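One chain comes next, on its own, written as structure tokens: the form predicted on its own.
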């Protein structure tokens, strides 16, 4: 199964990013493919290096170990003041909605983690 996953909530308001991270890891361990994880709306906060981020080590590990692409919506970042000076976690990059659309077209299933 090929998944495209969107995370719309930040770690400060919800545990859904943790759930998303655990789901992705389990899916990959089960032989599935995650085409891309797209962080949208407040979900972009998950890519910021911050001691309070419960997945600050998990997201980079997924990106490195499984070559999962972690994309922060560039517009959502700009709207929240996350500029080039913001320190992102390893494995994260910024991109536009076209990357999300591409993942949706290539995936068998779409999952959105939102509160």
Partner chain sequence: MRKFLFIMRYSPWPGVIPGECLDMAMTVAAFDQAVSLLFLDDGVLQLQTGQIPPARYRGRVLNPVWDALELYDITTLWVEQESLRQRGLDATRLLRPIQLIRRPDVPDLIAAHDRVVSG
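What you see is a predicted model, and the numbers here were worked out from it, not measured in a lab. Numbering follows the first chain given and starts at 1.
This protein has a second form, the form predicted together with its partner chain, left out of what is shown; the following refers to that one.
**Q** Can we say 40, 76 and 109 each have a non-hydrogen atom within 4.5 Å of its partner chain in the predicted bound form?
**A** Yes, the whole candidate spot contacts its partner chain.
**Q** Can you pick the stretch from 40 to 48, 22 to 30, 57 to 65, 86 to 94 whose heavy atoms fall within 4.5 Å of its partner chain in the predicted bound form?
**A** Selected stretch: 40 to 48.
**Q** If you check in the predicted bound form, is residue 12 within 4.5 Å of its partner chain, heavy atoms only?
**A** Looking in the predicted bound form, residue contacts with its partner chain do not include residue 12, since no heavy atom lies within 4.5 Å.
**Q** Using 4.5 Å between non-hydrogen atoms, is residue 104 touching its partner chain in the predicted bound form?
**A** Contact check for residue 104: yes, within 4.5 Å of its partner chain in the predicted bound form.
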